[in-house]
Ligand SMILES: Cc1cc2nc3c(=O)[nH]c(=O)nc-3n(C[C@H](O)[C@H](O)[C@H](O)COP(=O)(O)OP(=O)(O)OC[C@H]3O[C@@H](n4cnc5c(N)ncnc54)[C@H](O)[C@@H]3O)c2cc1C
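In the block that follows, a single chain appears as structure tokens, in the form predicted on its own.
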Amino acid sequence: MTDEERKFERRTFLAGAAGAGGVALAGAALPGTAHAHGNGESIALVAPVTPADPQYPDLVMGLNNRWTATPDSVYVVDSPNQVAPIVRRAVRRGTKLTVRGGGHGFEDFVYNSEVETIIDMTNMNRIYYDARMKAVAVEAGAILLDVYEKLYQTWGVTLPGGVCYSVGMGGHVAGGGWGWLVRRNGLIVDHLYAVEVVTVNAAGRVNTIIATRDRRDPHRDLWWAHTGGGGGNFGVVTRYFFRSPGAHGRAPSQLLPKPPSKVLSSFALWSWSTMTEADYIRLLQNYASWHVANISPDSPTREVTSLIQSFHRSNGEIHMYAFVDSAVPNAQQMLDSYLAHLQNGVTPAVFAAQSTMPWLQFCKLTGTTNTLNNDPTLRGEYKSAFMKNTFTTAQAAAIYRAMTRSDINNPNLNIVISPYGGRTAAVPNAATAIPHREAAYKLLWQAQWANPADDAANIAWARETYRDTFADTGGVPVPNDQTDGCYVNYPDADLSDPAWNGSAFAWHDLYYKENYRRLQAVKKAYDPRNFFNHRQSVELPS
């Protein structure tokens, strides 16, 4: 540690007592307010981790081992009021700053060769009821399983967030937040009341702003930008505040959705040894046609949720998961009807089972037992697509070819086909920054491997099979009657590369469609210096 850093740490320690009241002040902030911070550095409450510190190697990489960084400083914060001084310090010194939430970023937006300062949110993870906001506050470093446990065990409620247990709330919410309850309760941002963001204005002044969905809030556009605009674009999110639209009262148990008490779940496994091309195409088209037919937000079938994880032939298996709230009328009948539709004309599964289990147990089972989603030693390449209509035969055949290519032997290669529609479709495209409300289901390409020597082969598999699937539209799922763009929480730098995106749609049109111009206006208003940026961040308007 340098002399300057020791002095900074000393100032940090001395500021602890004086700054203690800052937490209470921040917690009492009113909706639609902005707090400007002074220019002194002495109110910072955390010292940097530097390359000389033993914990440094673990703090300069995320879950995707392809991406690492060599920053001068990593600040592991544990309170929202610690963030603004670090941002101010980076602004004054002109250093490149990025933010880690849970570390699940697919691309190099946080960890890259240019970053000089990283704010690590993982210890800033409190979840509590904020009486002034009449909302449940969740700090940006909280991970999904901690959120689910606290909300359900304490108040009997939940948020319709993601499946993987260790995803951080900071980026997950900003990107829209898809999960198991998407058809039943919508996206996580459909329940977002407010967001607290540290921003930098044109003069380099650092402000902490609480922006709400209230129509009269002067910062409402900043709230809107965090309902699917993606992380790393407008400032540093420190806290989210959740209260469902139309919810009233002061008890947290009245403010958010109640999940199923128990779920009736089904699991099926097909073997590639018995799966023909015709069977496979029929399976994919059956899944897609059911979701297209059952997209309505008012249909009772919105209670049915299902995904398929199709592994490469070298793995040998294709998995299907489905569940329904066991307490809803005709739960067993709805699940059986879905399963019959899915399996119609397809070779029988070699294994199938149903069980009933409590909601939180189901979340833990599906969120913690998938090694590929949680292994910190793997490298990865990812791609996504929203789908409005049933797979064309050409698209389904292309996915079959992807899963049966003989020039690669990696049992980790897979494509996940996951549900959309239901209550998600009740929200207009422009009401949130995430615009894919007309999609019926979505796709995720996942290539994961351990050895850097295998980078080229695995990246090529993802790129080539994705391009093959959407060959009729320039190699990407352009917004049209069939496809509907890409999911910003599954970022893909190749969308910016003409070698892989041969369409007339730029990367931002695939993520944001018509909402991009409004996001640019928010960028100009709250980050006019483009201080917060990465290689696919929202651009300032020209």
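One-based numbering along the sequence shown. This structure is a prediction, so every number in the text was calculated from the model and none was measured.
This next part talks about the form predicted in complex with the ligand, which is not shown.
Asks: Which of these stretches, 504 to 512, 472 to 480, 48 to 56, 486 to 494, has heavy atoms within 4.5 Å of the ligand in the model of the complex?
Replies: Result of the contact check: 486 to 494.
Asks: Do residue 63 and the ligand come within 4.5 Å of each other in the model of the complex, heavy atoms counted?
Replies: Contact check for residue 63: yes, within 4.5 Å of the ligand in the model of the complex.
Asks: Can residue 162 be called a contact residue for the ligand in the model of the complex at 4.5 Å between heavy atoms?
Replies: Residue-level check for residue 162: yes, a contact with the ligand.
Asks: Does the ligand get within 4.5 angstroms of any non-hydrogen atom of residue 177 in the model of the complex?
Replies: Contact with the ligand, yes.
Asks: Does residue 518 reach the ligand in the model of the complex, with heavy atoms at most 4.5 Å apart?
Replies: Residue 518: no, not in contact with the ligand in the model of the complex.
Asks: Would you mind picking the one in 419, 422, 228, 103 that has a heavy atom within 4.5 Å of the ligand in the model of the complex?
Replies: Contact residue from the list: 103.
Asks: May I ask you to choose, among 440, 136, 236, 399, the residue with a heavy atom within 4.5 Å of the ligand in the model of the complex?
Replies: So the residue touching the ligand in the model of the complex, by this definition, is 236.
Asks: If you look in the model of the complex, which residues in 507 to 541 sit within 4.5 Å of the ligand (heavy atoms)?
Replies: The stretch 507 to 541, when checked against the ligand in the model of the complex, contributes only 534 at the 4.5 Å heavy-atom cut-off.
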